[in-house]
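The chain below stands alone, shown as structure tokens; this is the form predicted on its own.
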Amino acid sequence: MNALIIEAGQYTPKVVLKPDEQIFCFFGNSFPVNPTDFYQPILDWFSEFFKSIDLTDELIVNFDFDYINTSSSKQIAYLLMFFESLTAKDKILINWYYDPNENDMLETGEKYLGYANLRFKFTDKKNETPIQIALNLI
């Protein structure tokens, strides 16, 4: 399956989905003018991806947002609900990065954890190399 890479825009996050390298990352800010138009191709990509594989190993999806508006939050919730609907959902780990000085992102991740029956790992950005640097995505 082909990778999907969306460069960060003024209002949109960078998205790197590289199945051959097991890299699935979202980072930056998300407040696009039309969140559905931005996130639908990502949902479609994941739908095709999961049809094309038999998930036997852990799949880590990294979210490293600085800011998400309400409309984007809804689209991310749709993505998480899609993951939750998969038979292999126990193999998916959501790695949610947050800045301990900014409670908003931690609270947002905790809200997702509260209604998405998925495994979450909360990662303090101050104590770990940012994912985009660790994976050479910048």
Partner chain sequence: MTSETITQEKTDKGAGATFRIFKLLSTENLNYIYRGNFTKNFTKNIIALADNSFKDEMAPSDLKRKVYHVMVEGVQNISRHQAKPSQMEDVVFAFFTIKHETGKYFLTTGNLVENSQIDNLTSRINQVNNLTKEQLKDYHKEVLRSARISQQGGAGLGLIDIARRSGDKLNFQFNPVSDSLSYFYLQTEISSEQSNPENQFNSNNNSLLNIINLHPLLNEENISIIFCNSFYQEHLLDMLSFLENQMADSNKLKRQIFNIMIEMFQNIIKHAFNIDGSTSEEKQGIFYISEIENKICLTSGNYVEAKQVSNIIKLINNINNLDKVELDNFYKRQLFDTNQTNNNSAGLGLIDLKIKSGNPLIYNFHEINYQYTFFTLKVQILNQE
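Positions refer to the first chain, counted from 1. These numbers come from a predicted model, not from an experiment.
Another form exists, predicted in complex with the partner chain; not displayed. Remarks below refer to it.
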| property | result |
| --- | --- |
| Stretch in contact, per heavy atom within 4.5 angstroms of the partner chain in the model of the complex, of 88-96, 69-77, 53-61, 39-47 | 69-77 |
| All of F24, F27 and D124 with a heavy atom within 4.5 Å of the partner chain in the model of the complex | no |
| Contact flag, V16 vs the partner chain in the model of the complex, heavy atom cut 4.5 Å | no |
| The partner chain contact at M81 in the model of the complex, heavy atom, 4.5 Å | yes |
